Ligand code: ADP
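Just the one chain here, the form predicted on its own, laid out as C-alpha cells.
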Amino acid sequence: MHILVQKFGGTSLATDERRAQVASIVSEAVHEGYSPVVVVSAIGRSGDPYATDTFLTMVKGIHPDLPKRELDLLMSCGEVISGTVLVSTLKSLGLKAVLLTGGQAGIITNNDFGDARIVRVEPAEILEQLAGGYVVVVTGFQGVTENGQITTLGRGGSDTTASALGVALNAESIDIYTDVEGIMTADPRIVEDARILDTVTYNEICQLAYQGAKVIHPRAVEIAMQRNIPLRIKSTFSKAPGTLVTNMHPDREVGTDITTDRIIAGIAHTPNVTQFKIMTTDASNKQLTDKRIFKAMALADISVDFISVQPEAVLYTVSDEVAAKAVQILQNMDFETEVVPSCAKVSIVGAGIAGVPGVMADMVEALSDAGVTILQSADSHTTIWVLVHQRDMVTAVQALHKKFNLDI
C-alpha cells in the first residue's frame, strides 16, 4: 500500500463548503493510488459551536476546577464530531470511509491528562481497514492510556497524531493542510513581502515553531524526523505546492554547481514576555542561590525561557500572564530583582548560521539602524535570539527580514 497521512485543521472543516473541499482532496489521493489516513481536528475555533475552546468555556462557567481526566473526556468530543461529519461527506462521494478514535487507532499514551505523550502506536486496526479499501479517518489530539483512559495531547496534538501515525505506518508522506499556503519567511501580518519557503529542514522548522511560528507543532516535526518521512505544509484552499520539510534540500540536481546554503530560513517572534534580572553578587553561595531561583519557579509551575546565568546575575523570561506571580515569589525570597515587562523575543533561524562569521554583526547592525534596543541575546548552531521591547517587535522583524534578503 502507498499510505498517505493527511491532516486537516479546524478551519478546513468549519463549513459544508470547506468539508467538501477536504473530501475532494482525499478523493483525489485515492484516485492517484494512495491509501489515505485522514487526521482531523475539532471543527472551527473558539466561539464556534463544536470547537474545543467552546466546550471548555461551557463547563468552566459552571465550575472552574473540573479534574483533568474529565476535561480530557470533554475535549476529545470535538474531533469525534468533525470526524463523523467528514466520514459522512466522504461517503456522499461514493468513498468507503470509517472513523477511528485515537484509542481505536492504537495511539497509546502516558497518564498525563491534558498534555499526554504518545508512547507507542499499534496500527493493526488502521492497516486492516486500509486493506479493505477504506479511507481511515482518525480523531486527532487524543489517545488512550494502557488501561483505556482517554487522554489529550496538548497544544498541536492533531499535528502530533498525524506524525505519529505517519511513522508507525511508514507513510510515504505526511501532509498538513491548513489555511496558509506553506511556511513563510516571517509572519505576513508583520512583513508584507514575506514569501513561502519551498523547502526547509526538520531542524529549521522545529526552531521556527519553538520560537513562535504556529504553522506546525515542533513535537510533530521531531516525530517525523525519526523516520525521515517528508512533511508537506499545504493550504486546503489552494493548489499551491506548499512547503516540503525534509532532511535536505531536494531541488539540487546531480552534477550541479556547489553553492553556499542559505544562511537564514526565516524570522520568528514571541510577544508578551517579561524579563527578570536577579542580582546575585552578594550571595554567599552562588550555585545554591541559582538553584533556589529556578527551583522556586518550577514549584510554582512557571515556565522560564531565555535563561542566562552570569557571575553577578541570573536573567530569564516568563510569559506576561504569570509575571506578577513570579515577582511575588522572588520578593518573598528577598531577591533584588529588576523586571522589564512587555517584551518580545525575536529570532533568526537557519541551518546555515553555524560557523558563518558576521551573522550576529549583521543582526545587531540591522536592529541598531532601526533604533531597536537589544535587552538580551543568545544563540545556538541554528538560531540567534534577541529580546526587545514589545513596542519594537514589528520594527525588529521587518528590519531583519530586509537585512537578510528574505524577500528574494
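Just so it is clear, the structure is predicted and the values come from calculations on it, not from any experiment. Residue numbers run from 1 along the displayed sequence.
Beyond what is shown, the protein has a form predicted in complex with this ligand; the following relates to that form.
Review point. Where, among 7-15, 21-29, 396-404, 383-391, do residues come within 4.5 Å of this ligand in the predicted bound form by heavy atom distance?
Key: Of the options, only 7-15 has residues within 4.5 Å of the partner.
Exercise for review: Check whether residue 45 has any heavy atom within 4.5 Å of a heavy atom of this ligand in the predicted bound form, and answer yes or no.
Suggested key: Looking in the predicted bound form, residue contacts with this ligand include residue 45, since a heavy atom lies within 4.5 Å.
Check your understanding: Going by a heavy atom distance of 4.5 Å, is residue 177 a contact of this ligand in the predicted bound form?
Key -> Looking in the predicted bound form, residue contacts with this ligand include residue 177, since a heavy atom lies within 4.5 Å.
Exercise for review: Report yes if any heavy atom of residue 183 sits within 4.5 Å of a heavy atom of this ligand in the predicted bound form; otherwise report no.
Suggested key: Heavy-atom contact with this ligand at 4.5 Å: present for residue 183.
Check your understanding: Does this ligand get within 4.5 angstroms of any non-hydrogen atom of residue 215 in the predicted bound form?
Key -> Residue-level check for residue 215: yes, a contact with this ligand.
Exercise for review: Answer with one of 133, 241, 114, 188: the residue that has a non-hydrogen atom within 4.5 Å of this ligand in the predicted bound form.
Suggested key: Residue within 4.5 Å of the partner: 188.
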